[in-house]
Ligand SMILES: Cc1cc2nc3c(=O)[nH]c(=O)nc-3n(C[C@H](O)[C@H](O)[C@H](O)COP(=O)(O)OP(=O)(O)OC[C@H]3O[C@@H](n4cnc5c(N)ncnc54)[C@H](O)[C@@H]3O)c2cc1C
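We begin with a single chain expressed as structure tokens, specifically the form predicted on its own.
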Amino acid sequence: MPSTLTLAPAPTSEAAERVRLEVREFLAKELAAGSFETHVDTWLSGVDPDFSKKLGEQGWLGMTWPKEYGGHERTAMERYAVTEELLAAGAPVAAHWIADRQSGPNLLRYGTEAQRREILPKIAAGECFFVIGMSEPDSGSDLASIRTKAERNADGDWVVNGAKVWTSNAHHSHYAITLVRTAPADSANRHAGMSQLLVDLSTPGITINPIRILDGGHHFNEVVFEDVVIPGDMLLGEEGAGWNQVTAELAFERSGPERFLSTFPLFAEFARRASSPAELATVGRLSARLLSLRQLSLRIAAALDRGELPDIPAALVKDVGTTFEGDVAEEIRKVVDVPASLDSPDPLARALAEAQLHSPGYTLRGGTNEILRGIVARGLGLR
């Protein structure tokens, strides 16, 4: 019987397989030229604007968007093949990742014509980067409790006050699509009165403070707004419809291959060297889970191609996929005789250290898994 989690199989795509081979050839040349080194979790921590620009020149950003906005009118399955190959290679894709994955599609869906024509071609060229302005210091994953507010001034512009956290790579980015309260909170309808603003991060009154992770790396930030004046025409979509817009946006954020491939470079290095019965059994267990996750993620990509909004399966991919990412590091740690070290000349030791140090974030970013399980349960009518 069909259910909320039932999705049609993804169709085979010769075009996707062709572009997959093109990406592999490109990556092999870039690796041989020394333009990047393979690392774990590079869609979040691997910032390289020059590499993003190269991808733009190849036509691999904004792939599904209309040509009139700098896109290439290719399918979601072709885009999936490109992103999957980049993640598997541990390529430095963090600079453009948010803009290409969800900010651009959000602009296409809700943006004004002027916003689309000004910003989308820059994203597709790999020259304009975005961050997500949703989570707040006292809200966690409960977006309905945000307190950052925007009020109209006499000129019709927005004056923003508040703070956002976990804004990945805000210090390298140009814009933040920021969720704000444009009407007082209503206890009878916690999702009412929210809107999204397109915020230029160079605007006076914005302070970006680093939040460092366990290895000292800096990609998370706190972004503080103090009487920041945002032009009135930078409202994204409809005033007061922010909750519905964010819900749709999260389907793009939660379903992609980055939700189960962050630790793939570690898994690939381990699988290449596995020889003992315990190591080979670990390869088998992890491979079975990986292949299952990939099939569900591919079906969501195909559903997006059909214009559907598979938000419930997307929440499931994020929950199960990020749990898998942490399990990759833990299962490999148990069977290898290699001490994890960021300074080791052994690529397995370095990848294991990176995966372990980034592990606390896998199930938190993009909405905690506890919140996502609630979404799935609600979608299935269980709560």
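This structure is a prediction, so every number in the text was calculated from the model and none was measured. Residues carry their position along the shown sequence, with the first being 1.
Missing here is the form predicted together with the ligand; even so, the following discussion is about that form.
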**Q.** Pocket accessibility after superposing the ligand in the predicted bound form (3+ atoms within 2.4 Å of backbone/C-beta)
**A.** blocked
(Q) My question is simply whether Leu87 lines the interface with the ligand in the predicted bound form - judged by any non-hydrogen atom within 4.5 Å. (A) no
Q: Report yes if any heavy atom of Tyr110 sits within 4.5 Å of a heavy atom of the ligand in the predicted bound form; otherwise report no.
A: no
**Q.** Residue contact check: Glu370 to the ligand in the predicted bound form, 4.5 Å heavy atom
**A.** yes
Q: Using a 4.5 Å heavy atom cut-off, state whether Trp166 contacts the ligand in the predicted bound form.
A: yes
**Q.** Contact check for Phe220, Gly361 and Arg365 against the ligand in the predicted bound form, heavy atom at 4.5 Å
**A.** yes
Q) So which of Gly256, Gly104, Gly133, Gly242 gets a non-hydrogen atom within 4.5 Å of the ligand in the predicted bound form? A) Gly133
Q) Only one of Leu44, Val336, Leu27, Leu357 has a non-hydrogen atom within 4.5 angstroms of the ligand in the predicted bound form; which is it? A) Leu44
Q. Which one of these stretches, 120-128, 70-78, 212-220, 262-270, sits within 4.5 Å of the ligand in the predicted bound form when only heavy atoms are counted?
A. 212-220
